[in-house]
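Read the single chain below, which is given as structure tokens and is the form predicted on its own.
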Amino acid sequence: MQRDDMVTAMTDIMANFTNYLGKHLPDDIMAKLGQLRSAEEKPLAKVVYDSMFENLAQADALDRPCCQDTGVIQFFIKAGADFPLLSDVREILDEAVRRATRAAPLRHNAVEIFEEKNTGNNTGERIPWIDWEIVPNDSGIHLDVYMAGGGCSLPGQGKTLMPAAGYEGVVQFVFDVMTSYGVNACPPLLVGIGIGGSIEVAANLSKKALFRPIGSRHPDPRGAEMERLIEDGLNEIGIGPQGVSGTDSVMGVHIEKAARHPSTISVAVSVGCWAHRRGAIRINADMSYEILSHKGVTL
């Protein structure tokens, strides 16, 4: 395949995938919502869950986004150092977002700073956002695609604590955030927590935590236990679906960490709403692809 043909192929794949994500939730989110609906005991909360699933069915039937806020498009990439289109990825993803915006259609959510002008196509300065990791000895590319809505992950919060605050301080911050604005983010929520030595590291990790599959646990047993305890505690609050109160408040709690300086411990929280529109896809050097988040789907 010639290079121009490869660029066209990858643009088509990513435009169609981004379009699809606005209308269909990933498999693990759908399974978890079904589990929470089955476990729900409060009548009003059950009605809310039923309306969520009716909304998703209508989005599929009408081929329309399942939430009016289709968010800012963000790409978190693990790119093989030998991927043949490495230099073209920014151009490809910009065009894919422009095409998905027209086709889906997606709401226009890119407003240029200072100009206060909406670009009208969901692209702008550094938007769509691209976070890069380069993977040695790999010729493919893995993309986590996220529609970051204005009520959920975009209002994430972070704080740098003095080390004496310890992990108790981390937990306190998480609960302060979740009880102060969590209802605004359309629960039940997926909670991403980043812990590191500076605020930008913690913030980045908190967003990446949202891409882990629901039900997964941190590989460090102490991290896994912290996830479980925070999840149990947040569910005890009883925020419920859409904040009407209910049996559970969250779909899960995921923690990602980085080694820190002895003098600081930073924590950040990002949340995904019930309509957690994220997807994972791997594209190989020959432009074949595998959708990892929505099994059995072809574009």
Partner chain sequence: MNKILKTPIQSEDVENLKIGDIVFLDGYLVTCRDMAHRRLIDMGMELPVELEGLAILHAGPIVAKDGDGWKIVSIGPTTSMRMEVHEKEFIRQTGVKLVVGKGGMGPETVAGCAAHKAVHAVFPGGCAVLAASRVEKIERVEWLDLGMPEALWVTKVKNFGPLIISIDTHGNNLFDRNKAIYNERKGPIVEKICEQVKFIK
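No experiment lies behind these values; they were computed from the predicted model shown. Numbering follows the first chain given and starts at 1.
What comes next is about the form predicted together with the partner chain, which does not appear here.
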- line: None of G151, G197, P84, P213 but one has a heavy atom within 4.5 Å of the partner chain in the predicted complex; the exception is G151
- request: Go through V171, L161, A103, I127 and name the one with a heavy atom inside 4.5 Å of the partner chain in the predicted complex.
  value: V171
task: Flag S180 as yes or no: does it have a non-hydrogen atom within 4.5 angstroms of any non-hydrogen atom of the partner chain in the predicted complex?
output: yes
message: Whether L229 contacts the partner chain in the predicted complex should be assessed with a 4.5 Å heavy atom distance threshold; does it?
response: yes
message: So, K257 and the partner chain: in the predicted complex, are they within 4.5 Å at any heavy atom pair?
response: no
query: How about P219: is it within 4.5 Å of the partner chain in the predicted complex, going by heavy atoms?
result: no
query: Hey, of 180-188, 86-94, 132-140, 198-206, which bit sits against the partner chain in the predicted complex at 4.5 Å between non-hydrogen atoms?
result: 180-188
message: Please tell me whether the candidate spot formed by L44, V47 and D176 is one where all three residues come within 4.5 Å of the partner chain in the predicted complex (heavy atoms).
response: yes
task: Counting only non-hydrogen atoms and a 4.5 Å cut-off, give the residues of 229-262 close to the partner chain in the predicted complex.
output: L229, I230, G233, E236, I237, G238, I239, Q242, G243, V244, S245, R260
- prompt: Do E125 and P155 have their C-alpha atoms closer or farther apart in the predicted complex than here, with the shift being 3 angstroms or more?
  reply: farther
Shift in CA distance, L154 and Y181, in the predicted complex relative to the form shown here, given it is 3 Å or more: closer
